[in-house]
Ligand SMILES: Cc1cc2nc3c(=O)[nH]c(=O)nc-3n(C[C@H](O)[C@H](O)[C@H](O)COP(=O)(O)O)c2cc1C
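As a starting point, one isolated chain is supplied in structure tokens, in the form predicted on its own.
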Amino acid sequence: MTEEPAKKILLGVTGSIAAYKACELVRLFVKDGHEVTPLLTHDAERFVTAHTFEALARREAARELFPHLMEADLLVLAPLSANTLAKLAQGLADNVLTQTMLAYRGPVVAAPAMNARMWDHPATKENTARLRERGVELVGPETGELAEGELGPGRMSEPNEIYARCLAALARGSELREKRVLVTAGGTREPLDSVRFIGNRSSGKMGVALAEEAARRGAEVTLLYANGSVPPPAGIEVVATPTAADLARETLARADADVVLMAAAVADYRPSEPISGKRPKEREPWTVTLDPTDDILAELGRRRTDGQILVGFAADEGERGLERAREKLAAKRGTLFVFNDVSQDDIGFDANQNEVVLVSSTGERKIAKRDKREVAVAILDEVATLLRGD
């Protein structure tokens, strides 16, 4: 039996031959002391009956008046068929499982299972991307022999692997509880005159994803947001910080946070004498003198206390950029640096995906190209490891 308190699990089972594997998943949860409520679609019962799952879970399927509003610590969808995946992506609610997905507010783990050609179809890829963007954690599918006798991707992951990912998702749900997390996001803009500015292409997507993930793990989150192009997360404190000076003031006022994630792209220079009105266009060149802005991260490093996690971000190019991230880690007394190569057009600035290298005093770990929400999960997994002192 697990030493952790028993968790409430909602297990959604859809119409796939892989439904029989979900029986073993129920057994693993129950063996570890967790409470499982099966939620079967009509098509799922063509393969395994609800009574089978009730017997394994040692409890009946949902009989509540509003079963889709049940409270739980985790929602698991295994197997997730192509049909139900499409319904979830579109927000349809035509059965108790799809209704639950719309109403549930918590971590979701899904294990797709379908024919390889269905999995490779552009519609399925779009639907899968949509679920990932909403924070659903996908396990698999694996490549192997399928029910039809074909070989290819679409085979549901094994119950042991799904179970391990579920335990990790449950752990993430509380590991930052009672921790104060400060996140900076977006890009600062330094005024040249009343309408023009010096800025950068940061969209704020990475920082917003970090704020959302930290809140999902139970943290008290403050987001310092500088001119981002995506809406800030609901339910957390958001402070507008349009310029480098604004960001420095608000960051240093909260420098005692347990975790500081400096994902904002802060301007290195500002015009020394910005014009109060709009400068009219003229034929003569406009010469502008730039002064360096304050190094917020370096100041945070000087103030860093024992046990505090300070994460810097380095948007740079190539191997030399990675080397500079290593140098910054030591020079600015950071705990962790996240390097992303902005020379690649399909990741980093403006993109929905990123590919990063996590640099710390204990080593380096590459996070392969994936959605920025998934990168946020990987970064905060590393932060949690550092907080534990592992």
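The term rigid core refers to the most C-alpha atoms you can superpose between the two forms while keeping them within 1.5 Å. These numbers come from a predicted model, not from an experiment. All residue numbers refer to positions in the sequence shown, first residue = 1.
Missing here is the form predicted together with this ligand; even so, the following discussion is about that form.
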- Report the residue, out of Ala257, Ala82, Ile162, Met101, that has at least one non-hydrogen atom within 4.5 angstroms of this ligand in the predicted complex. Ala82
- Which of these residues, Val221, Val208, Leu247, Met114, gets a heavy atom within 4.5 Å of this ligand in the predicted complex? Met114
- Item | Partner-facing stretch of 83 to 91, 297 to 305, 212 to 220, 315 to 323, counted where any non-hydrogen atom is within 4.5 angstroms of this ligand in the predicted complex | 83 to 91
- Query: Contact between Val288 and this ligand in the predicted complex at 4.5 Å, heavy atoms?
  - Reply: no
- Is Ala44 a contact residue for this ligand in the predicted complex, using a 4.5 Å heavy atom cut-off? yes
- Message: Quick check on Ile236: any heavy atom within 4.5 Å of this ligand in the predicted complex?
- Response: no
- Query: Is Cys23 close enough to touch this ligand in the predicted complex, meaning at least one heavy atom pair within 4.5 Å?
  - Reply: no
- Message: At 4.5 Å by heavy atoms, is each residue in Val311, Asn354 and Val359 next to this ligand in the predicted complex?
- Response: no
- Message: With the partner left out here, which residues of 10 to 41 have a non-hydrogen atom within 4.5 Å of this ligand in the predicted complex?
- Response: Thr14, Gly15, Ser16, Ile17, Thr41
- Is it true that Arg155 shifts between this form and the one not shown by 2 Å or more at the Cα, once the core is aligned? yes
- Under a superposition restricted to the rigid core, does Leu40 display a Cα displacement of 2 angstroms or more between this form and the one not shown? yes
- Task: Tell me, please, whether between this form and the one not shown the C-alpha of Ala19 is shifted by 2 Å or more, with the rigid core used for superposition.
- Result: yes
